[in-house]
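This document opens with one chain alone, in structure tokens, the form predicted on its own.
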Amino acid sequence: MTTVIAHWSHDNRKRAESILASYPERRSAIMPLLYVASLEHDYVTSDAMRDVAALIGITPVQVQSVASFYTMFKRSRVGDYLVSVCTSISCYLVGADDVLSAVENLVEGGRDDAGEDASISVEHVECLGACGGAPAVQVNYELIEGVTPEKAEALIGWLRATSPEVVLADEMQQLFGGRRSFDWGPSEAEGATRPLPAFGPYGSARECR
């Protein structure tokens, strides 16, 4: 197995081995392996999909069918910080388009675009499951609720000024959020380190210090 991904980093090879050992059917590991491949290649490149296909014994086209269905698997380069603004009906009715415009106006290239040196990418997304706290925004899949256009502009300024290694929902909610859809419960210590959901075993999460 290691010969298939000999070019991967040591840590990502170990993660892939651990993931494969957790599934009786290797092809069931496709989604977690795509996360690790995204860490290795920066996004789900053609090479990444070929690597995953070889690891689990299916074709690259089959891997692509999964990677293209789930929007968290990016198939082109994004910035270090992926800002996702919900524009579904609950968020739209309370000003999500204004929040999206505020972010786009500050980010070079606007929506769904990041050049080689871009640190921030913007996208509009469907429901984030936080309708009661609309408008909802995510940074690297870490949620912020009750965001106004002014707070969205402040968020972009903060990302640029501080370049946080870890983005944490609780911290950003306190700084830039408003009304929540529900009580979040205990604070979480780990946040996202890359424009991927924060999963410790997959290497995309770290404790915020």
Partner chain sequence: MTDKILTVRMDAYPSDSHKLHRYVGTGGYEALRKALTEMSRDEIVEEVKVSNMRGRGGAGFPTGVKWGFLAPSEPRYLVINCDESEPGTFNDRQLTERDPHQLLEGIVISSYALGVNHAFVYIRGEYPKAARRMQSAVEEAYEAGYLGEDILGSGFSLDVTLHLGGGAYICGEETALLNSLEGRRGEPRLKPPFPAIEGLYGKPTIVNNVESISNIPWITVNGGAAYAAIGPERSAGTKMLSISGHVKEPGNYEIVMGMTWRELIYEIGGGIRDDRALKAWIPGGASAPWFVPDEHLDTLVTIEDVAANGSMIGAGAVVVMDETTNVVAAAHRIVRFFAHESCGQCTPCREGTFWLEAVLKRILNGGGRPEDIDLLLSISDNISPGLVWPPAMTTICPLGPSAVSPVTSITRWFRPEIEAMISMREVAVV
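Positions refer to the first chain, counted from 1. This one's a predicted model, so the numbers in the text were calculated from it and none came from an experiment.
The form predicted together with the partner chain exists for this protein as well; it is not shown, and the discussion that follows is about that form.
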item	value
Contact flag, T148 vs the partner chain in the predicted complex, heavy atom cut 4.5 Å	no
Non-hydrogen atom contact Y35 with the partner chain in the predicted complex at 4.5 angstroms	yes
The partner chain contact at T45 in the predicted complex, heavy atom, 4.5 Å	no
Partner contact for V66 in the predicted complex: the partner chain, 4.5 angstroms, heavy atom	yes
Residues of stretch 24 to 51 in contact with the partner chain in the predicted complex (4.5 Å, non-hydrogen atom)	P24, E25, R27, S28, I30, M31, P32, Y35
